[in-house]
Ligand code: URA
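In C-alpha cells, the next block holds one chain alone, the form predicted on its own.
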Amino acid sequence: MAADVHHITHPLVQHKLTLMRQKDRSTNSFRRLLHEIGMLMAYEVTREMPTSLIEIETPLEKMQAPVIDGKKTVFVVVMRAGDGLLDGMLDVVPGARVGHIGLYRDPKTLVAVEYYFKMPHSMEDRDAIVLDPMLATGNSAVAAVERLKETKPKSIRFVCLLAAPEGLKNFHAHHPDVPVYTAAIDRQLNDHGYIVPGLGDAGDRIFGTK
C-alpha cells in the first residue's frame, strides 16, 4: 500500500507555523499558536468523518439533517507534547474521548520507552486520531501506533505538526495502513535526531521547560 501523507498547506496553518518556528517566540505565544493550528488541522483530519441523519425541527418544519457522533472519535495523545494539539482539536470535536500514551525517547538509543497507557473502552467502535507534534525518527510514533493497534480501533490517523522524511519512511514501513496529516515535511534529521530546520523541542517550548 502506498504511503498516505496529507500535507496541510492552508495559508493560515503555514503562517502560524512560521511564527512558531521563530526561536524568540514566547512560551505563551507558542502554546496559543499550537492551539490555533490544532483547530485548523482538525478540520482537515475530520473531513471524511462519517455522519448520520437525525430528525430535527427548524422554525419552519421538520427535516432530516446530518450529525457526527463525536463520542466515536478518540484523540490519542502521545505524552507530553501531544497535549499541545489536544485542546484545539477538542474545540472542534468537543464530544471526543481522549486516550493517553506515555513514551519517552532514550537519549542514547533514540528508542521509545512506554511508561503509561490508558484508552477509552470499546475501541473497536471508535476512530482514533493520534496527536504528536513532531514525527522525527518515527520511533515513538511507530511504538505508539503499535500499542494502539492492540485495542483494535475502527480506524487510525496520525497527526503531527512537523515530519522528517526519515520519520515518514520509518513510520510507513511499519504502519503503511495509517495516514499521516502534517503541516510541513522538513529537510532532514540532525545527528541528535532533531528535525531541521524544525522548531526545537516541541514539549519544552509548550511547557517552558529545558
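Start at 1 and count along the sequence shown; that's the residue number. These numbers come from a predicted model, not from an experiment.
Just so it is clear, the following notes concern the form predicted together with the ligand, a form of the same protein that is not shown.
Note that among 129 to 137, 100 to 108, 67 to 75, 87 to 95, the stretch whose heavy atoms approach the ligand to within 4.5 Å in the model of the complex is 129 to 137.
In the model of the complex, no heavy atom of residue 20 sits within 4.5 Å of the ligand. Contacts to the ligand in the model of the complex (heavy atom within 4.5 Å) from stretch 60 to 96: none.
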